[in-house]
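The chain below stands alone and is given in C-alpha cells; this is the form predicted alone.
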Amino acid sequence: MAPALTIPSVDEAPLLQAKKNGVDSQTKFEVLENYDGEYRFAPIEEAQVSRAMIKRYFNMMYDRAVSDVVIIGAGSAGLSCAYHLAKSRPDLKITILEANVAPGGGAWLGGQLMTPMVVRKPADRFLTELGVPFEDEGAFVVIKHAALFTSTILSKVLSFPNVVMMNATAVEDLIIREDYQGKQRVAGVVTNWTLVALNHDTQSCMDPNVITAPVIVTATGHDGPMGAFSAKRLVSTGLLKELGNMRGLDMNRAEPAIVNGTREVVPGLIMTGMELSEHDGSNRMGPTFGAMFASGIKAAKEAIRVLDTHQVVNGKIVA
C-alpha cells in the first residue's frame, strides 16, 4: 500500500507540555494554570487549529480507503463488534462509519426516555469485562444509566490504535462486484457526509467517496430514517427477494433470534443487531440490550472467520 499522504505543517508550533506555573522549558511559552483570574494559555494561530485537524483527518481517510473491516453503524451492536474485533485482532484496520454526529445509536437511553438499561444474562459478562457497574436482579441486571455503558464502550473502542471512527458520515450504497467464483460479493461501501446525503434532492449532483474492504459489518438498526439500510439495499439490488419485516415485540423470542441469526447474509456482508429483525422477519425486543452486545460479538467472530478462510490482497478477497 502507498504511504499515507502527509500535509506540510508550516509554522506549526511544537507540542506543549504546559506546567501549572512559569515558562515551559521546551517551548519558552509562558503558561499559567491559575483559577483566580490569571489563567494563561500557550499562544496559537487559528490556522494551526485547522491544520492540526485537517492533516490528521485526511491522512486517516487516505489510509482507510482500504480497510480490513468496515462497520456501518456505531450503536450498541456495532460498538460491541468493534470492541471484540479490535481486542482479538490488533492487526486489523477497523473503520466505523456513523451517520449521526453522536455515536451510540439507541443506547443512550433505556426505554421511553427513561435512563436505566436492562441487560439479560448471560450478556452481563460483557459489562463485567468492560468494567460497567450494575445491579443484579436475578435473571437480568440493570445499569443505572444507559449512557454509562455507551460512554464506556465508546472510550474503550476509540482507544484501540487500530480503530477509527468517522461520524456524521453516511453510507449511501454498497460496492458489489463479482468475486473470484463469479458470485456477487459486497466489497466495500459508498460514503458521503450525512448532511450532503440528506440534501441530494436540494442541490446539484454531489458525488460520494468509497472505502474498499473484504468484510463489511452492517449494524444500522431497525427501520427508521437511515435504519435497515443494507437490508433494504440488498432488496433493491436483487440480492434479497424481499424484507422479512420486523415482527411484534416478544423479548423471549427476539433476543436469541438476533444473536443466533447473526451471520454473513450475502458474501462479504455480515449483519448484526436489529437490522436482522427487518432482514429475517424476527420479533422486536424493546428496551433490553443483551442481544445487541452478544450479536455484535458474534459478528466480530464471523468477520474473523471470513478473513481467516480467504486470501485477501489490497482489500479484496481473491481466493
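All residue numbers refer to positions in the sequence shown, first residue = 1. None of the values given here were measured: they were computed from a predicted structure.
What follows is about the form predicted together with a small molecule, which we do not show.
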query	finding
Exercise: Arg284 in contact with the small molecule in the predicted complex, heavy atom 4.5 Å	yes
Exercise: Gly106 in contact with the small molecule in the predicted complex, heavy atom 4.5 Å	yes
Interface membership of Lys93, the small molecule in the predicted complex, 4.5 Å heavy atom rule	no
Distance check, Ala99 to the small molecule in the predicted complex, heavy atom within 4.5 Å	yes
Site test, Tyr83, Val186 and Ala300 vs the small molecule in the predicted complex, non-hydrogen atom cutoff 4.5 Å	no
Interface residue in the predicted complex among Ala74, Val119, Ala213, Val217, criterion: non-hydrogen atom within 4.5 angstroms of the small molecule	Ala74
Interface segment, criterion being heavy atoms within 4.5 Å of the small molecule in the predicted complex, picked from 59-67, 272-280, 259-267, 40-48	272-280
